[in-house]
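One chain comes next, on its own, written out as structure tokens in the form predicted alone.
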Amino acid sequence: MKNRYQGRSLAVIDDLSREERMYLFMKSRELKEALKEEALEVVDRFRINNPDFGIYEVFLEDSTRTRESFRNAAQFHGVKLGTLHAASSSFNKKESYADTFDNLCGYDNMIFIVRSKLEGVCRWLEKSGREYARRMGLEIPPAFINAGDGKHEHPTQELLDELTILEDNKWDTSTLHLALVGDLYHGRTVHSKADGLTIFDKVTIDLVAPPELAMPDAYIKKMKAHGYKVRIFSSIDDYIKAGDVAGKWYFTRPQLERMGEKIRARQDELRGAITAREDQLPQLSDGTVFYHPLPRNKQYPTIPTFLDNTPFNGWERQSANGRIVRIILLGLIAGTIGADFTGKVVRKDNNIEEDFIHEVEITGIRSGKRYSEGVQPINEGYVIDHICKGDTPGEIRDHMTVVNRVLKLTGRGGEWVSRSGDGYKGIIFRPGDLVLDDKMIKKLAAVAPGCTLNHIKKGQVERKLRLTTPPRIYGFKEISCKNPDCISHPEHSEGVPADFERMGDDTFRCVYCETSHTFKKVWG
């Protein structure tokens, strides 16, 4: 039976369906029990046990816990383990990510564990790795595991967090009430929870952080879209005072070093708002558990060390679960285990086919009744109507400049802002023999969704197209992700083509770093 995990990359937690993650957790539970009972024959069934199978750790950002957890997991499997040291790596010689990893693939390495400051790296490497496999005739492409990318996600941390919470929930997936406390702005481990906690049927999330460290709106929207109940508090004291406090708390350290001088000047105040105090503990319910992705700051721990020998300590079990989860994950991707999985598999297909160019019946429409070039009707040419309908006149004019630049609509003609019902719309006139081919029409739909394109011939509208929002915007050199930490951002010179998928009527998400953009911002 084909293993549906084999060769899969894990760039974000949502790359694994709920059923796939629950299967991974069941296997983790089996392995933990076998190790506890010293059932070596059962334990050996989980091992890759192939000294020629290559796993490579590439940590371009400091890490101890994640790196060593994966290292110990790889040693359990008895595989060939390599390490790329950032200080002496080819990245310092300005080699691209794709070239570096293609070369490492050529040395029979099949799984890469990557931590980086750039966001979306593993998604790009997944794409480029497939192309490398095609060129080299490899049956199974290399797989890439995100061990933390910037302030984006940390999916393997999310897996071990979910396993620990499940254990403490007695494997009940019906409800979860969880408080996220600390730096929710920079904390990639809490960002992964927006999708990760979908393993539970009913979720209440309490976000406890000062406004300066608050969860980004994009993740709050994602939580609410999943049906989570979300409550927001600015400090632990405010949270406890409000009542209905969660029995499970997930702390993160404040990463104030990433913020400006004004924030650092208030660091004691900000830390105080998200640090557990002894006088708060009697107000918590029996059985309350604290989690933390670690490390704790030794000078300013949000979970003070006096809690280490108390029942609140869930973070040590949580950390130990990291090795177990990563053993199972490596075994699944290698194809050693997972053949008996029969649940739902996540299928992400960016090649979405959707008709966004619609032919409109033109019976009886003449150009001279509606459009003009100055004071004269257009007899031959194009009229682009309904541009940015509903925006302000200034916004419309600004975006028509973008449309002209992107489509290179130079020469005679003009641009107008006219009334449309209670609002305004933009109109671009271009007389003459300009030809808009299919690629230009698709580009027009992407840069001015909702517009109509009218082809005028002999004073009549010969053809009329209504252009709706496309499912993707890609393949155009004029587009770019505006997140400076994204692997596709032009300043990194990685040659990663910008690619956006539609999330709403005029909202698009970068496929690499998942930053949301309006369609206008995509073009910039």
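These numbers were taken from a predicted model, which means no experiment stands behind them. Each residue number is its position in the shown sequence, starting from 1.
Keep in mind the form predicted in complex with a small molecule is missing from the figure; the text below concerns it.
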Verify the contact flag for residue 463: yes if a non-hydrogen atom of it lies within 4.5 Å of a non-hydrogen atom of the small molecule in the predicted bound form, no if not.
no
Is residue 66 close enough to the small molecule in the predicted bound form to count, meaning some heavy atom within 4.5 Å?
yes
Taking heavy atoms and a 4.5 Å cut-off, does residue 423 contact the small molecule in the predicted bound form?
no
Taking heavy atoms and a 4.5 Å cut-off, does residue 441 contact the small molecule in the predicted bound form?
no
Heavy atoms, 4.5 Å, the small molecule in the predicted bound form: which of 122-130, 149-157, 297-305, 196-204 makes the cut? Say which one.
149-157
To verify the annotation, which of these, 44, 491, 52, 62, has a non-hydrogen atom within 4.5 Å of the small molecule in the predicted bound form?
62
Ok, 271, 191, 115, 430: which has a heavy atom sitting within 4.5 Å of the small molecule in the predicted bound form?
115
